[in-house]
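Two forms of a single protein chain come next, each set out by itself as structure tokens; they are called structure 1 and structure 2.
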Structure 1
Amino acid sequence: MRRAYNVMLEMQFATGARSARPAHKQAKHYTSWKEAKAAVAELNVAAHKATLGSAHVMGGCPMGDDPKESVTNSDGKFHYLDNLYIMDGSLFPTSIGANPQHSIYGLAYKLSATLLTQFQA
């Protein structure tokens, strides 16, 4: 947690921030990297004190043809079982760097339509 706070604070001051505050209940706005680094060293990083959050987690089960580098094939089928398909944001190779909902809807629609066709064949 401290390393994460420090990396983010250092980047912000290096790119010109005049003040920055880590996501921690006890933290304040700090006006220099030196002040921030000293304060982070004193923060209590126990559970429920330090805040963690993520909204765009992707890439946990990436799709691809090579089982060494992917979890599913390009139809979303798990490489090692015939009756397991994955159709969600985990299929992307990594976080796509933009709001993902429409891309996830599109991917899930395409893959489920393909699966339906296979069941009907």
Structure 2
Amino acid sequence: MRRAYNVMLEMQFATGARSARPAHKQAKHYTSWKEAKAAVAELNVAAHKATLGSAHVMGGCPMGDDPKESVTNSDGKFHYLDNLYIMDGSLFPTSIGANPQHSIYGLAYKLSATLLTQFQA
């Protein structure tokens, strides 16, 4: 649990978070990675005090024609490296507010079918 909390908190601060809080009943919002790491070392990770969960991660790699505002083009091709394609829920602009399984399947199918036609050409 401590390792998971530390990894999540470190990522949040590394990407610019001004405050972060692990899902623990005794935790508070921490304003630096150093403060968070020290606090996590002291948290009681007994059952019913510590919580760890995950959600359907979506967003983060927007699609678009302008590399300054997007990570991939509309075919899922990464703007800055040849032969790298992204075909998952990170292409959605944000959470779609529902279980994304079928939406991700559909998106991946559409993008992979397009990529296949390019390989066959």
Ligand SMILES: Cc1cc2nc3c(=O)[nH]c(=O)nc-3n(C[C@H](O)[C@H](O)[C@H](O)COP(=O)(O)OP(=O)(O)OC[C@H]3O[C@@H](n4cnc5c(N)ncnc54)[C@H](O)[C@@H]3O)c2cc1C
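Structure 1 provides the reference sequence; residues are numbered from 1 along it. Only residues modelled in both forms are compared. Between two forms, the rigid core is the largest collection of C-alphas that superpose within 1.5 Å. A quick note: this is a predicted structure, and the numbers were derived from the prediction, not measured.
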(message) Just verifying the output here: the form predicted together with the named molecule should be either structure 1 or structure 2. Which one is it?
(response) 1
(message) Please check whether N44 and D65 end up in one rigid part once the chain is divided into the two parts that move between structure 1 and structure 2.
(response) no
(request) Tell me how far the smaller rigid part swings relative to the bigger one between structure 1 and structure 2, in degrees. (result) 99
(message) Give the rigid core superposed Cα shift of H48 between structure 1 and structure 2, in Å, rounded to one decimal.
(response) 9.9
(request) Could you tell me how many Å the Cα atom of H24 shifts between structure 1 and structure 2 when the rigid core is held superposed? (result) 4.2
(request) Provide the ranges, sorted by sequence, of consecutive runs with at least 3 residues in which each Cα shifts 2 Å or more between structure 1 and structure 2, based on a superposition on the core. (result) 1-54
